[in-house]
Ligand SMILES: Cc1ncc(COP(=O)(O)O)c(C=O)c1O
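Just the one chain here, the form predicted on its own, laid out as structure tokens.
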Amino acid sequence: MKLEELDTPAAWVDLDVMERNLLRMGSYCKKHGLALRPHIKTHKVPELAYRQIDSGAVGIASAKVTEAEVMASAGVDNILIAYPVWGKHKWRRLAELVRHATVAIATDSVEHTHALAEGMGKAAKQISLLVEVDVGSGRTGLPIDENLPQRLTCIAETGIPVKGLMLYPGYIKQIEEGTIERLSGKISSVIAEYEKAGLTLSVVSGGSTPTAFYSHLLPGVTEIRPGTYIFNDCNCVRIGAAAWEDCALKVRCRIVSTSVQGGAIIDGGSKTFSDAASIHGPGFGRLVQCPEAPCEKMNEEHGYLKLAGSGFSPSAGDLVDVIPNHACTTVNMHHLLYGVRNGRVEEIWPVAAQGKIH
């Protein structure tokens, strides 16, 4: 099947670009002795998780128990759930999950760890914990203060094995002078407090796509969890984490109207791309055929291309490709991804973990 034969809108992946992205990250981690644990929230496809493992990953990270279940059912057996798992329904599912995979869980409170141990019962002995410490994101994680060693000790006393630390520098969108030095200082401080608690430190899990290739400069980090790097997107490019030629994911759309002067409408809106905002740039995606014609607005089913001054004059019925602002939320809108090489569809992947929010 040719790319132009797909019904629109269709999310497709340039296989050559994706494979180059995988090779680059895998080679970097191997060179610097870092374990690679990609976050599968970007693609949600077991086949692509295996591509990442083939390129050097030791396992995967997920946010949700249901995502982890999808990966484990496909045979992926080394999983970090990088999210505090709360609730009796999830604890029951975790107790079943650990029968099929090696599972680590992120925690950031004594209360959570006690509840997890009680909710999972005997199965809690089969998981391990990574204690998340807040290095600046202000989302989850224990604060870095004089009480950190005591909190770490209390978490360990619940009886669930503590393997190490988890860090998420998600607040860093661009690497500027002093950024890595400041982050390094925070990580060194956290490791020192961890050692004060007398715990064995086997893993320091950090990294995001924007910081991934600086991870060898971060003291003590043993593994990284980038996600978006497999595809990249507009926001990755605009913060300097990738180049346009590194963007593997695109959405093929069709121009359905040019009736309104100075614009054109495509058959993909927020239900196709999500309404993820742009970082440091205009619109809701980059039109491959004419980057000067921004997708300036989206309704649920419509994308508005601004043609004025772009020199682009499409006709109704024409096919165009849009690089989304945010690959992760775009993929979660689709049932299928199409792997394309030289204009031909070589692979079709069901997005098996699509909509897995529990």
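In this text, all values refer to a predicted model and were calculated from it rather than measured experimentally. One rule holds for the numbers: they count along the sequence shown, beginning at 1.
Just so it is clear, the following notes concern the form predicted together with this ligand, a form of the same protein that is not shown.
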Picking from 161-169, 188-196, 215-223, 97-105, which part of the chain touches this ligand in the predicted complex when contact means heavy atoms within 4.5 Å?
-> 161-169
State yes or no: in the predicted complex, is some non-hydrogen atom of residue 141 no more than 4.5 angstroms from a non-hydrogen atom of this ligand?
-> no
How about residue 39: is it within 4.5 Å of this ligand in the predicted complex, going by heavy atoms?
-> yes
Interface membership of residue 131, this ligand in the predicted complex, 4.5 Å heavy atom rule | no
Can residue 135 be called a contact residue for this ligand in the predicted complex at 4.5 Å between heavy atoms?
-> no
Name the single residue among 82, 251, 72, 287 that comes within 4.5 Å of this ligand in the predicted complex, judging by heavy atoms.
-> 82
In this chain shown alone, the residue from 235, 208, 113, 272 with a heavy atom within 4.5 Å of this ligand in the predicted complex is 208
If we check this ligand in the predicted complex, which of the residues in 341-358 reach within 4.5 angstroms of it by a non-hydrogen atom?
-> none
